[in-house]
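There is one chain below, alone, in structure tokens, taken in the form predicted on its own.
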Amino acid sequence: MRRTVHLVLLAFATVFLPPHPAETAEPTSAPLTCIFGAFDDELTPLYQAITGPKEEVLHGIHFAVGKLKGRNVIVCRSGIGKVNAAMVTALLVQHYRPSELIFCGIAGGINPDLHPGDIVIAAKTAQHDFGNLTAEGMEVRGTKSPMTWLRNPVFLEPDARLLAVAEAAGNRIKLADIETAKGKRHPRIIKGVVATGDIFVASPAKKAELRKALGADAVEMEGAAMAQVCRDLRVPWLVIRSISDSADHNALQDFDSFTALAAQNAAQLTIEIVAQLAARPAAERAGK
């Protein structure tokens, strides 16, 4: 019976509902990049970099609209967690019709070779807490699109063009060295897997599970939710995360110690990505 109902609803949507919004809506005449993070500490360097900012408010969400490296941008705070990230993504896409969305923020390090200040450019992202929990453990699954009822893949991949721009930007920026107990070290920038879930991970056991099950390099609480909405609405997206802690028993202490450093590094790379986008020819930016 449930399958019959699903098929009827899918047929109704196909025949009677209007075309997919992202298929009919065009980006603004001038390219527009929307950047958001979960909380203010992640966004302070970006707010400071905007020129000519003005504030707009939609449904109580505050958006800073201005220029960054000559490109039209919107910077906003989503709040923490997947639901908040998905809601703000939908608002941004519906109201502003952006050329792309970038989530910029901090994350817990899962890859043992990553340390505070290092950056992960998400080549893949996945929801680690969506699926089936059985006696054998967690079976991660992709969500079903509410429009087609087809299942999304577990791993969502960003726009290839944006990923290439991010890699190029990573090769151009010069992050400051970090003082450690063992001396100075230079932050690394890698492409990797970012896992998303509605829990702050401060557990060696969960950290090991995420590394084994998903090959995760970093864990956070918003990226895959934004990615899912953007995938369904066909909007290019990218997730940039800098490591603030090691997602283990010291995570809360390290989070307090390294949030500002990680946020600064993530913002520095994001700003360079925007600069690279602003410098590209108009036809290339439009994907032509």
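So that there is no doubt, residue numbering starts at 1 and follows the sequence shown. On a predicted model such as this, the values are computed, not experimentally measured, just so you know.
Below, we refer to the form predicted in complex with a small molecule, which is not included among the displayed structures.
Although the partner is absent from this view, residue 155 stays clear of the small molecule in the predicted bound form, with no non-hydrogen atom inside 4.5 angstroms.
Within 4.5 Å of any heavy atom of the small molecule in the predicted bound form lies no heavy atom of residue 63. Within this chain, residue 163 is remote from the site of the small molecule in the predicted bound form, having no heavy atom within 4.5 Å. Taking non-hydrogen atoms only, residue 199 approaches the small molecule to within 4.5 angstroms in the predicted bound form. Here the chain stands alone, but in the predicted bound form its contact with the small molecule, taken as any heavy atom within 4.5 Å, falls in 107 to 115 among 91 to 99, 107 to 115, 174 to 182, 141 to 149. Checked against the small molecule in the predicted bound form, the candidates 226, 247, 34, 240 yield a single residue with a heavy atom inside 4.5 Å, and that residue is 247.
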